[in-house]
Ligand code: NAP
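Quick setup: one chain, the form predicted on its own, written in structure tokens, and binding and motion questions come after.
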Amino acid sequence: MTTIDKNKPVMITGATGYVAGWIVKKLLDEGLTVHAPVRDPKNKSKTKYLDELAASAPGKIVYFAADLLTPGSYDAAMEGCELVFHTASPFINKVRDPQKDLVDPALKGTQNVLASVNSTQSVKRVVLTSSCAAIIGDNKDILGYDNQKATEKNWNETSTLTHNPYSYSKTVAEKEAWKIAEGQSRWDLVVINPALVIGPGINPNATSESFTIVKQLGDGSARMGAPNLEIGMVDVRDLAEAHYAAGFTPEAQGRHIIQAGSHTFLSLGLMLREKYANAYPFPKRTLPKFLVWLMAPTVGITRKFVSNSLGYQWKVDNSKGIHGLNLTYRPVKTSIVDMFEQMIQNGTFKK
């Protein structure tokens, strides 16, 4: 049981990011002081949306200069904090060097942040943003899990540096976090494992692979059809609530699958079509698997991924988060429509 004093500051890495933005909003709305380490605190274009949140909230935000790969750079921001949220990690699919672009920032960043935690006596709890990608590699993996359903006890054992490198980076980073946490007894680790995150950003121009995926549903990229890929999804606003509960629920422990439901990208397109009719070229049909397999290398995915994920169901047990963190979820349709509407407003789709 770990009780966090809300009068003490709370530190969050990646504060200007898509997921962290909503966590920062929740913390500020609850009247907390947020310590936000960023690369360049003087770059107001990066912090302006957080500043706007703080201006109308009872809490306050304080910026510090830090870099994910610079040892010790989080020490100042962490001073006096009992709770640390570590959300910073790259989410990109098209990479030139998986080790440099994905694994190093995820793994070394986690090592760096937790080294500061180990040297900061005030810290009692760390909430780590991991991913369902650390639980499931290919959808086919789920067939080998108990009851053919993923739970928090499962680990992704099929991703590598050359096959699903993003998933591999999340797996090695989370495993390292548990290794470091188990090497001491002062602070505890609570892990959040979200499915694909969707919904509007605090920053309307946020960059995340989530926005790239949703953009392709409406910009004509998928007008010929969508691959039969089923995946779990969760609203970014609900994910923020999950982080907050993980931080401030004394009994919280271990990993938590955070997911509202699972859908294919075709079903997302159909949800958007219900709202916008034919205003955008949403996909209307499922692409044959063999065609996706043939085209895979030209669009930056591997044929192995197509073989092992398309056509397989995505089944997870999300009950631990619902009961342990007292979570409720928005319908996926609400999330995808809110996200798409924000993208229309910010000019993502050119008429």
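Model, not experiment: these values are computed from the prediction. Start at 1 with the first residue shown and count on from there.
If you look for the form predicted together with the named molecule, you will not find it shown, but the lines that follow are about it.
**Student:** Consider Phe85 of the chain shown here, and say whether it contacts the named molecule in the predicted complex, taking contact as heavy atoms within 4.5 Å.
**Tutor:** Output for Phe85 is no: heavy atoms all beyond 4.5 Å of the named molecule.
**Student:** Even though the partner isn't displayed, in the predicted complex is Asp67 close enough to the named molecule, meaning a heavy atom within 4.5 Å?
**Tutor:** Judged by the heavy-atom cut-off of 4.5 Å, Asp67 is in contact with the named molecule in the predicted complex.
**Student:** Though only this chain appears here, would Ser130 touch the named molecule in the predicted complex if you measure heavy atom gaps against 4.5 Å?
**Tutor:** Heavy-atom contact with the named molecule at 4.5 Å: present for Ser130.
**Student:** At the 4.5 Å heavy atom threshold, is Leu266 in contact with the named molecule in the predicted complex?
**Tutor:** Residue-level check for Leu266: no, no contact with the named molecule.
**Student:** Name the stretch, out of 157-165, 207-215, 270-278, 119-127, where some heavy atom lies within 4.5 Å of the named molecule in the predicted complex.
**Tutor:** One stretch meets the cut-off, namely 207-215.
**Student:** Just one of Arg39, Lys289, Arg285, Arg303 has a heavy atom within 4.5 angstroms of the named molecule in the predicted complex, so which one?
**Tutor:** Comparing distances to the named molecule in the predicted complex, the residue within 4.5 Å is Arg39.
**Student:** Work out which of Pro200, Gly247, Gly137, Pro194 lies within 4.5 Å of the named molecule in the predicted complex, going by heavy atoms.
**Tutor:** Result of the distance check: Pro194.
**Student:** Does the named molecule come within 4.5 Å of a heavy atom in each of Gly14, Lys46 and Ser89 in the predicted complex?
**Tutor:** All of them do, each having a heavy atom within 4.5 Å of the partner.
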